[in-house]
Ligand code: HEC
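Form predicted on its own, single chain, as structure tokens, below.
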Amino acid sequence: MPKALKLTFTLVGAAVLGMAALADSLPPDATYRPLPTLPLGQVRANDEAEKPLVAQRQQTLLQQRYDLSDRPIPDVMMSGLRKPVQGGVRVKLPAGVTWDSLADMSPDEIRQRGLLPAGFRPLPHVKQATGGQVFPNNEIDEIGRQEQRNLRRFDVDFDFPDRFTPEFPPPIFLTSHPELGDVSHGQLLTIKNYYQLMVGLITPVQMEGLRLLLTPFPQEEFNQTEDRKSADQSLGVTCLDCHANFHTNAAFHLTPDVRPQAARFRLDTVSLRGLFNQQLHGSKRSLRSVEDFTQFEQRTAYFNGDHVSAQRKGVHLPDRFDQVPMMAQMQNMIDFPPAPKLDPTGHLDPTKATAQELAGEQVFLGKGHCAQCHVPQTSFLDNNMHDLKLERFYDIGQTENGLVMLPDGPIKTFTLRGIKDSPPYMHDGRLLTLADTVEFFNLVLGLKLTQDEKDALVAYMLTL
């Protein structure tokens, strides 16, 4: 590691230690999470006293980066028809520049003048020094109501306003029953209701897989040990606590695949819709089957990639030849929401689409270079990983709320099918709207799109 970067990590480590107030600090070069040095009661008291400051610090960052006002797109709803889609560019520009003037600058000029919009930079965890899974309030409340299981942490809360998260609970579409549409009946699948909701619709193998996906197992912050972050001893979390109804509720944690702690990037929960067409799993890990992903998640998403901590806290190790295939088969039955304007090849039907949507498709296939990675014929993905090299636009080693800004490196291509249902966007949720993503890629890829082309591209993506 270069000396300058070592110094950055040392300084960040000192800042992180100061913020964490002895509660559960990690040295900046830790590979393994150390055991707590204080009793749980003292850790909890420290964390609860610190919690308002932690929340305020994150809200200050979000307010500086984004316009968080409620500005839905007229007459555009998510697939369950219960929540409007937020519109407009929400990333704030630096003073004295416009999106067009910024797009005319070279990456070097933007970096040297410090003009990359803050909302385009990596997004920190609410509490980077600790990390871990953080659930939105609607998930916490519903699981508490149905299961009397508490997903609320005593040290941090979810940070984004609800308007920038997926509708809750999201609809469920089965590949085996497209004629039924949403089979959730507006309910959140839990261990309490899954059988009555799904009996007669799925096979015995799938039903057992669903049971396992809804069974709580110990997780780093929710378990029985003295270094948990739940007030009471916890049974743990389930796969579908984050992937609500096989979609996403915008729960987040830190990538398990990077160290040290200060460099681990925030990881937004990805939808499991259309998993049957995906051959690459995990933003960084490049796991090549849903079976591998299902098994490995018990050591990664659940325990920050730390098998030592997993063993101590009671890791669930699903049987590879029995349980894992059942869990995988259930995940592979989840379809995308209907897209009535698309034909069987993934292209717009000109008899159903508007002129603006058709114009957006042409930008998507041509000038925008979108289809090079998001291939329409293969569920708008290419099953590859790509490095956007965003660090061309900013100085690496900067810190925000404890996160060291380092290159993202290669990240897998995410599907765009049903994309209006999945805010916030990018692997860490740094972009709040589809208009934000268009401005991001217009800058990063040097596309020089006109405003009409940008608006048409957003209109097109809303049809997917």
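Numbering starts at 1 and follows the sequence shown. All of these numbers come straight from a predicted model, not from anything done at the bench.
Although it is not shown, the form predicted together with ligand HEC is what the next lines describe.
- Think of it this way: in the predicted complex, ligand HEC has a heavy atom of just one of Leu189, Val91, Leu348, Leu275 within 4.5 Å, and the residue is Leu275.
- The single contact residue among Lys341, Lys284, Arg312, Arg163, judged by any heavy atom lying within 4.5 Å of ligand HEC in the predicted complex, is Lys284.
- Taking the partner from elsewhere, Gly368 is found to have a heavy atom lying within 4.5 Å of ligand HEC in the predicted complex.
- At least one heavy atom of Met426 is located within 4.5 Å of ligand HEC in the predicted complex.
- In the predicted complex, ligand HEC sits beyond 4.5 Å of every heavy atom of Arg153.
- Put simply, Leu174 is far from ligand HEC in the predicted complex: not one heavy atom of it is within 4.5 Å.
- Contact with ligand HEC in the predicted complex, defined as a heavy atom within 4.5 Å, is made by all three of Thr269, His386 and Leu416.
- The chain is drawn here without ligand HEC; in the predicted complex, the stretch among 227-235, 94-102, 289-297, 192-200 whose residues come within 4.5 Å of it by any heavy atom is 289-297.
- Contacts with ligand HEC in the predicted complex, taken as any heavy atom within 4.5 Å, map within 113-139 to Gln133 alone.
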